[in-house]
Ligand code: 4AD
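Okay, here we've got a single chain as structure tokens, the form predicted alone, with questions on binding and movement later.
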């Protein structure tokens, strides 16, 4: 092999004109191989793009024995001349001069042969599915969206704030948390009343994996002004739906001195920014996913970024649903926590635009949301999207020490003195929201199941790798 610098296939195809007529060095995995007794064609992919690079092996230069190990899934290193292609399906190809085989893949054992595989089957081999075109596209889009999130908030003057994964507080008050303990489970220490003695545990108290970084994020916002979190969160709900995971990533900005209106403005600007970034930087992957999974994908993405979001009070939304004449699976009445079918009706059929629903009944929202003057509703805001329903949930936070103390007492929450201190010492109006990252990736890729937009999904009865 000559001493050449390797070029990524994405870079080579993007700027092929500057490489044509030159020797190139490429490495990757074999997608397919075909040919005849004179020439063999190998489709090579290195993960940098959905598009393959065609490698041409002239059998006057390479023997059958040399090429025999090149099967689907094998990894190879090739040097050769990049030329304009005479065949269909590609603009350029490499005329191979030198070959190095890194690893072979026995076609009788390798599960990703060139044929259709169901997404259910691919979930069973999640350690290999990133090698497929579908999941390569999904995970490249995922990476681009993660970068867009950091880029957006950094440009807006937010600080990236790291909140704990292990916590002693339940942000949502739902109790569906994974416990963290070093106690011997077959011989738990007990108090005299028979309850577990957590004084003997590692932290000296009951601890769990976090369901949200919001409460700790508020501490950052009331000192740094504007922060965002972006990290894994965990919920131990026994939910086997296409929209739920037990481990997922959350983006949670928090802004001091911001009311609910500014919160909605930032949420709308943020989500449009991320989708636009994907459309601009992941075009090939999105078009591939549209062709194979969701024929309306690009149209729906543009639908979101090109339309102003409707801002609708919950009470008006309920009235629209009740007067729609549509038969819903779940009943509609004031005070109900809207189901996905209700949310999608408002977006897809009634307004035909994304909707931000506001001012929910206090009974169906979290304790930290600011109470409205009517005493019945809180300054909550949920962003509703076509096909997916709720994608963002947020609120203006309760800034009054007295009102927040009362809500905490009503909810029976313990150990919240540290949280109340933000209202006790220099309280300010502040707002924030949470976006489930996988919900965003699901929407942008057009995939149908949330388990297919995270590399290694965690859900009930599944914790592989």
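Positions refer to the first chain, counted from 1. Quick caveat: nothing in here was measured; it's all calculated off a predicted structure.
Although it is not shown, the form predicted in complex with the ligand is what the next lines describe.
Exercise. Do all of 356, 370 and 377 end up near the ligand in the predicted complex, with near meaning a heavy atom within 4.5 Å?
Worked result: No: no residue has a heavy atom within 4.5 Å of the partner.
Problem set entry | the ligand in the predicted complex: contacting segment from 239-247, 323-331, 282-290, 127-135, heavy atom within 4.5 Å | Single hit among the candidates: 239-247.
Exercise. Does the 4.5 Å heavy atom contact test between residue 439 and the ligand in the predicted complex come out positive?
Worked result: Heavy-atom contact with the ligand at 4.5 Å: present for residue 439.
For this session: Check whether residue 317 has any heavy atom within 4.5 Å of a heavy atom of the ligand in the predicted complex, and answer yes or no.
Result: Output for residue 317 is no: heavy atoms all beyond 4.5 Å of the ligand.
For this session: Report whether the minimum heavy atom distance between residue 391 and the ligand in the predicted complex is within 4.5 Å.
Result: Because a heavy atom of residue 391 falls inside 4.5 Å of the ligand in the predicted complex, the answer is yes.
Problem set entry | Contact label in the predicted complex: residue 235 to the ligand, heavy atom within 4.5 Å | Judged by the heavy-atom cut-off of 4.5 Å, residue 235 is in contact with the ligand in the predicted complex.
For this session: Identify which of 212, 167, 222, 79 has a heavy atom within 4.5 Å of the ligand in the predicted complex; exactly one of them does.
Result: Here the answer is residue option 212.
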